[in-house]
Ligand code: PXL
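The chain that follows stands alone, in the form predicted alone, written as structure tokens.
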Amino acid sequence: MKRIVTMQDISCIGKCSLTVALPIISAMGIETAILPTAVLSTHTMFKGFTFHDLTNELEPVISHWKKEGFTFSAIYTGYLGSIEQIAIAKHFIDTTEGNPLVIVDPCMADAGKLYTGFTLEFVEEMKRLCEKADIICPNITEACLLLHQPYKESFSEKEIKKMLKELCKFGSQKAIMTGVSLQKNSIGAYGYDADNDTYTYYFTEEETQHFHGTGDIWASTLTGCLVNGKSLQESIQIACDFVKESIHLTLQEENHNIYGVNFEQAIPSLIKKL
């Protein structure tokens, strides 16, 4: 069985980070190892959440894995809470044997703003992590930060293509921008493969409400698809459709919660597409 390791935090309630990556990738038939960077009582949408930093536990865990000889088909990084954690992720990638696929979701910003607690120094260190990836998948805000480019709410297709090429110059073979909208009421992802200089994209009808954690769901699904041998185009399409279905099912539920989507109910449809 193939094995992925994903490095990000655990929000005990909130449907994001490891609490979506673990069940989604596992449901896709892949053993999912976790490297938790922190434990939160809820995700950060809630007030008064508890937070326990696990930075000091990361290197001992990795050291134990190496002694046991564990190998991984892919390394997938999500939300990393500090520059020190980025450094640990880089070293982990550099010292892991077996040439795993490396996917970096540079979770640090959205809607034109850095997440609370992050700085431009953090952005520069995240860029260094992106240099070690095979595939990076920033949202539009994150792409603008990585490229030192002013953020705006909409970009033309020509601008998106140029940004993707610039992102690949960091070192990754493929870059995918998420949250792209080129037409009203549609949203999706646009990718570039530097190996063969080709673009790929996929859009779905935009739902009426946005939810926390859908980017983590998208990146986890993409990772699982790629490790299962799907092409970049197929992986992008499946990930976009799964997020849309998850939101759609959530909105069908009367008095649904507002902190995350019902991705659990959409997993059967995901499995059928593999």
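This is a predicted model, so every value here is computed, not measured. Don't overthink the numbering: it's just position in the shown sequence, from 1.
Here the subject shifts to the form predicted in complex with the ligand, a form of this protein not shown in this document.
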{"item": "Segment assignment from 240-248, 225-233, 43-51, 24-32: heavy atom within 4.5 Å of the ligand in the model of the complex", "value": "43-51"}
{"item": "Proximity of residue 72 to the ligand in the model of the complex, heavy atoms at 4.5 Å", "value": "no"}
{"item": "In the model of the complex, residue 79 touching the ligand (heavy atom, 4.5 Å)", "value": "yes"}
{"item": "Close approach of residue 137 to the ligand in the model of the complex, 4.5 Å, heavy atom", "value": "no"}
{"item": "Contact label in the model of the complex: residue 115 to the ligand, heavy atom within 4.5 Å", "value": "yes"}
{"item": "Position in contact with the ligand when the complex is considered in the model of the complex, options 145, 107, 175, 126, heavy atoms within 4.5 Å", "value": "107"}
{"item": "Partner contacts for 1-27, taking the ligand in the model of the complex and a 4.5 Å heavy atom cut-off", "value": "9, 11, 16, 17"}
